[in-house]
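The chain below stands alone and is given in structure tokens; this is the form predicted alone.
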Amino acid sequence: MVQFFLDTASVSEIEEFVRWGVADGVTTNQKIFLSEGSVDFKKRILRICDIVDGPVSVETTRSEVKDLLREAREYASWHKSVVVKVAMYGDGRGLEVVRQLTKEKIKTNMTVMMTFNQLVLAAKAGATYASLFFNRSKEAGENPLQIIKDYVALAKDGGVRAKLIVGSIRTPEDVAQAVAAGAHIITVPAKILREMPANRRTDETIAEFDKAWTEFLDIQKRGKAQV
């Protein structure tokens, strides 16, 4: 079964979707925390870890290998649910960081990837998760649906072990396409997740059934119910 990771750092949003039973984890990044405003970064991450029963991705912000490693180790020490996000730098330094963290048994989510080759490299380096940016990949001239299918097929054959996360989701249709293509995990913003249960015809049908039940109860009140 596909998993949904919430693309948010909002406590209220995470609590909402945990109640729905559809929150398998949480992913955060710099832009997400910027939208949260003035919050204590570590305390918010720990609060999220307490709410959701699943991995919580925390993204590194440094640029040099030694600084990335130091930052990653700090985040990993905060809670057992923390997964460290490391970007796929074009010069390979992200792969070097992931490889070292893997040796230290620190879970990683290699992120900001647009191509099949990047995903394979992340998996080879030992990443726990490999994140494909669905719409940004499309904008870069790639075919993200084919990338998902190819990577999932490779994973089924045992060629790679990293779980595929599909992010950069902008519409409910993006979610449907990624699920149908076989994505292991999809990161979904709260706005999109709230749109997914809604359908005009569903609402009309519920209203039709409610009206029929009201009429049925009225008939019972006006006469003796037949067995």
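What you see is a predicted model, and the numbers here were worked out from it, not measured in a lab. Residues carry their position along the shown sequence, with the first being 1.
Here the subject shifts to the form predicted together with a small molecule, a form of this protein not shown in this document.
Undergrad: Just one of 47-55, 25-33, 192-200, 62-70 has residues with a heavy atom within 4.5 Å of the small molecule in the predicted bound form, so point it out.
TA: That would be 25-33.
Undergrad: Which of these residues, 79, 136, 107, 124, gets a heavy atom within 4.5 Å of the small molecule in the predicted bound form?
TA: Here the answer is residue option 136.
Undergrad: Even though the small molecule is not shown here, does residue 42 get within 4.5 Å of it in the predicted bound form, heavy atoms only?
TA: Heavy-atom contact with the small molecule at 4.5 Å: absent for residue 42.
Undergrad: Using a 4.5 Å heavy atom cut-off, state whether residue 161 contacts the small molecule in the predicted bound form.
TA: Contact check for residue 161: no, nothing within 4.5 Å of the small molecule in the predicted bound form.
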